[in-house]
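Given next, in structure tokens, is a single chain: the form predicted on its own.
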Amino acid sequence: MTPNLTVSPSFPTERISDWYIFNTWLQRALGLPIHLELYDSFGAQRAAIAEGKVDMIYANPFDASLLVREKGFRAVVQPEGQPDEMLIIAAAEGPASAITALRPGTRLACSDDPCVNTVGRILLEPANLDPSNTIEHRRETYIQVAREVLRGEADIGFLPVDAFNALSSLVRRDLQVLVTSQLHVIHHVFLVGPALHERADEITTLLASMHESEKGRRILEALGARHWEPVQREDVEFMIDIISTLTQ
């Protein structure tokens, strides 16, 4: 058996090579010929999940809910102290300096990340904006989302906080943050599918101790993490309940 590993497409594209390095490390540590498959969209990744082509995944909270509740995946670890928050950006010199200043007809740039977009829509509610009175521009990457806002092709954009922080200082200088979510309880999580359940405890121990070696720390730092921490089932269930509430 060659297990397939994938990663939520929400990660910055400059980290592609770092995930391949992580996969090489994981293969050697587990003694498994793991195949890393990175998808360029959430739709393509979900199609692979539906076809049973994913055995391990670093998933965003939205997909984690589906995988745990419907596909029998088990959450094993998450990045320590890194809740997933998102923000709404506008041009620094633009007319809107607050969410309540936005009006019907607002042009919105976003990716196809369902978690970010769900939270973003909630953050727009004080302006009485919803899909019926906004113009949505779907883009493939967060760089493209920021670029649309900078060029004046969109009035606002949805970004994860990590993606915003990964932008260059020159780009961030020309943007303003209108609002940032403060959910605190939703995280990306590393999941293993049913085919690997018998090795779930081993994978948990391996990843949770990864930061204890110099090589492991370097790989984690390249991925933007300090270390992995084990996930308790009740915490995962609570997060899934929050996601379910947000998407109702």
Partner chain sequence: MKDMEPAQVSGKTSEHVLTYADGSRRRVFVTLVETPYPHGKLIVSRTDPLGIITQCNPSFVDMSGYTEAEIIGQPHCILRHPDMPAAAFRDLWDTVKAGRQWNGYVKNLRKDGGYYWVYATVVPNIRDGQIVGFTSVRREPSREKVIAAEAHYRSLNGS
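Residue numbers count along the first chain shown, from 1. As the structure is a computational prediction, the values presented were derived from the model and not from experiment.
Keep in mind that the form predicted in complex with the partner chain is missing from the display, and what follows is about it.
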Subject >> Non-hydrogen atom contact residue 97 with the partner chain in the model of the complex at 4.5 angstroms >> reply: no
Original post:
Does residue 28 make contact with the partner chain in the model of the complex, using a 4.5 Å heavy atom cut-off?
Top reply: no
**OP:** Using the partner position in the model of the complex, report whether residue 183 sits within 4.5 Å of the partner chain, counting heavy atoms only.
**Re:** yes
**OP:** Answer yes if any heavy atom of residue 125 is within 4.5 Å of a heavy atom of the partner chain in the model of the complex; otherwise answer no.
**Re:** yes
Original post:
So which of 46, 53, 215, 69 gets a non-hydrogen atom within 4.5 Å of the partner chain in the model of the complex?
Top reply: 69
Original post:
Counting only heavy atoms and a 4.5 Å cutoff, which of 72 to 80, 168 to 176, 145 to 153, 126 to 134 contacts the partner chain in the model of the complex?
Top reply: 126 to 134
Subject >> Partner contacts for 133 to 166, taking the partner chain in the model of the complex and a 4.5 Å heavy atom cut-off >> reply: none
